[in-house]
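To begin, one chain is listed below as structure tokens, in the form predicted on its own.
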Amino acid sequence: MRVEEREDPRIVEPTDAVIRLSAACVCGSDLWPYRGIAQVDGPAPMGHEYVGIVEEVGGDVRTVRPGQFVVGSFFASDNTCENCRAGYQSSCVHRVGIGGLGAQAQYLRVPLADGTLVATPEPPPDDLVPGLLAASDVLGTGWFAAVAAEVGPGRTVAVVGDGAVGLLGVLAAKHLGAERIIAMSRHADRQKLALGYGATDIVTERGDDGVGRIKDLTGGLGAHCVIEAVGTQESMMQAIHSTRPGGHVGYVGVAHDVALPGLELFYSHVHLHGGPAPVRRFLPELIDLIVERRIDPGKVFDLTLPLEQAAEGYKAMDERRAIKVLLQP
């Protein structure tokens, strides 16, 4: 990782906007290429989570204007195609990945600005910026995981993964009315945050031992709803095995070499739904909850660094010395 000067972004298409970033951050999924697990061809810009002030808009942009504070998501979307209208903006037929444009920066070009950016009612105070930044990915992703897992009143929820997405999955489950929330974590700082967000139980075991503890806590049946927020073979199977027949797994960890056993899944009666979170679907509601101070997802940021020290931020998250690193451009 290194920080270097790049050409300032500019309007390319009439549907673009250029924003001046107020905050950026390092995502857990950024660690896959950092660790050499995901292939990177040559020097590549990084970052796909962003909030900031609109500096300039293309001639066809109608819903945002210069001077507004906006929140976007990691896929730009037109928000008008059939997939978008169904609530799956991350599968927009015209989607553009923000990661390739590099949101760990001072300025960012956002394609399809009308369908991607959501403005806050007014520029937020500084203490709300981290929460709004979380909404651009990890909160929206944790929220989608909870919705995909059919979280609701009276349900028992288990959360596999204690990174920012898993922790905000706990927050989402609490807000959606879950009766019991079991967070799987071995780290005291993350356990404390999970409990603060609404977890009722902590399970420190992993793999089969972790599944056994979930079964012990649920009368031998398993949880109604399980959030999978890691993306490995072990985490996916831990999630599936922790789910009772008829239950739901919401999986949002970017999958790496995950293979599902067809016959076992067939007989489990477990529902699976997930993928890249359609964050845009949830942004208006999440922004309102944050601005009204009804939720505080910004607590997942436990290390703040200037953009110039981005490499240290990656190192801290890789070594699990930080849950999530906020970068100040």
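Please read all numbers here as calculations on a predicted model, not as lab measurements. Each residue number is its position in the shown sequence, starting from 1.
Although it is not shown, the form predicted together with a further copy of the same chain is what the next lines describe.
Only one listed stretch (282-290, 59-67, 265-273, 42-50) carries heavy atoms within 4.5 Å of a further copy of the same chain in the model of the complex, and that stretch is 265-273.
Only one of the listed residues (V96, L128, L195, V258) places a non-hydrogen atom within 4.5 angstroms of a further copy of the same chain in the model of the complex, and that residue is V258. Distance criterion of 4.5 Å from any heavy atom to a further copy of the same chain in the model of the complex singles out E82 from the list E82, D189, E205, D216.
Shown alone here, G212 lies farther than 4.5 Å from a further copy of the same chain in the model of the complex, counting heavy atoms only. Among residues of the shown chain, V252 is one whose heavy atoms approach a further copy of the same chain to within 4.5 Å in the model of the complex. Mapping the unseen interface onto this chain, R244 counts among the residues with a heavy atom inside 4.5 Å of a further copy of the same chain in the model of the complex.
In the model of the complex, at least one heavy atom of S91 sits within 4.5 Å of a heavy atom of a further copy of the same chain.
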